[in-house]
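One chain is shown next in structure tokens, namely the form predicted alone.
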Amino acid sequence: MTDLTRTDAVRRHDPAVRGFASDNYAGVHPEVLAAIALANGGHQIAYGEDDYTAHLQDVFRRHFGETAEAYPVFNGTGANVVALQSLLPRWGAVVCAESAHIHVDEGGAPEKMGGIKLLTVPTPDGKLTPELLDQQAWGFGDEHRAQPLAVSITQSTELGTLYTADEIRAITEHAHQLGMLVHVDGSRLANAAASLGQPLRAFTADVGVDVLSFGGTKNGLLFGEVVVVLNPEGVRNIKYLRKTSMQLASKMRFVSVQFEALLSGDLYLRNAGHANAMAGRLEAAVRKIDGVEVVRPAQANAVFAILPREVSERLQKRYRFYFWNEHTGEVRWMCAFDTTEADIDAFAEAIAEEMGRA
């Protein structure tokens, strides 16, 4: 007779080990794990017709307004591809920052899977402005040029910077005047909310954003993101695009219940606010170390710094993190919801030790 309580799984990692490479390295928040267990058992209709996904619509409308529609998907790249496809005809293009995740870190998925031309703009801080948008928002009606019909911004940006609500409003108003729609890549939108001290809708729905990708994996979820439609008149066919983009989960209740746990209370702010605070602690600590140059203020949960390459390479043998710019030696250190003050202090001490050997 089979013992249904038996498992051959064993823990294959040391849970005390921490890294600073990505907030995706972190595990799952206990409240999220509890929510998944709550949704388990019995049968629920597949492909999003379950009770949890139905309730999730109310959760997102509380945060983003009565017209918001939530479409859970598997991952951030899928969310971005689905959202951007919903804004464009076959001949459409998206204007984005040169450093945008959709351009740099998604393996060409928007182009390959979505058939979307990306028109990139160099930016000093990862942020677009109406003036920068105009560098690519031209050639309307020219059949020889991919038509710039959408703009995508990232909040917080790949460089760890934040848009204010007024900055986003300026972009959306300018884009809409040009006949363009606006997408926000919000894989770290909760970090922005925690840092700005504003509700999620204040710098999305209330300032004219048409559709956004809302992140959960970087903020304590096991897996899952949500495409959030804020302008149902301008954003169409999401449910068909989600399926044809291979982002329709059969057991969607287990994605939806995680976001319910994250957003029904203040878990999204607690997790993101803590990650931001740890980045602030790390920034303050490394600024005191001679020879370490903090490239820009830590506005969310990322710290960018330049130090001697040989120091970074020695340090990588002790802690995981990535080079951000191979040419300049700039590195990125990310903090997560489970990063502790002791983690930060130990890492800063290790940086000081390696700098002392330089």
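Computed from a predicted model, the values in this text were never measured in an experiment. Start at 1 and count along the sequence shown; that's the residue number.
Beyond what is shown, the protein has a form predicted in complex with another copy of the chain; the following relates to that form.
Q: Given a 4.5 Å cut-off on heavy atoms, tell me which of 169-177, 190-198, 203-211, 242-250 is the interface stretch with another copy of the chain in the predicted complex.
A: In the other structure, the partner sits against 242-250.
Q: Does residue 109 make contact with another copy of the chain in the predicted complex, using a 4.5 Å heavy atom cut-off?
A: Yes, residue 109 is a contact residue.
Q: Spell out, yes or no, whether the shortest heavy atom distance between residue 60 and another copy of the chain in the predicted complex is within 4.5 Å.
A: No, residue 60 stays farther than 4.5 Å from another copy of the chain in the predicted complex.
Q: Quick check on residue 276: any heavy atom within 4.5 Å of another copy of the chain in the predicted complex?
A: Although another copy of the chain is absent here, residue 276 would stay clear of it in the predicted complex, with no heavy atoms inside 4.5 Å.
Q: In the predicted complex, does residue 90 have a heavy atom within 4.5 Å of another copy of the chain?
A: Yes, residue 90 is a contact residue.
Q: 51, 114 and 261: each with a heavy atom within 4.5 Å of another copy of the chain in the predicted complex?
A: Yes, all three are in contact.
Q: Go through 231, 161, 147, 99 and name the one with a heavy atom inside 4.5 Å of another copy of the chain in the predicted complex.
A: Of the listed residues, the single hit is 147.
Q: Just to confirm, with a 4.5 Å cut-off on non-hydrogen atoms, which of 257, 227, 128, 151 contacts another copy of the chain in the predicted complex?
A: Of the candidates 257, 227, 128, 151, 257 is the one lying within 4.5 Å of another copy of the chain in the predicted complex.
Q: In sequence order, which positions of 25-48 have a non-hydrogen atom within 4.5 Å of another copy of the chain in the predicted complex?
A: Sequence-ordered list: 25, 26, 27, 28, 29, 30, 31, 33, 34, 35, 36, 37, 38, 39, 40, 41, 42, 43, 44, 45, 46, 47.
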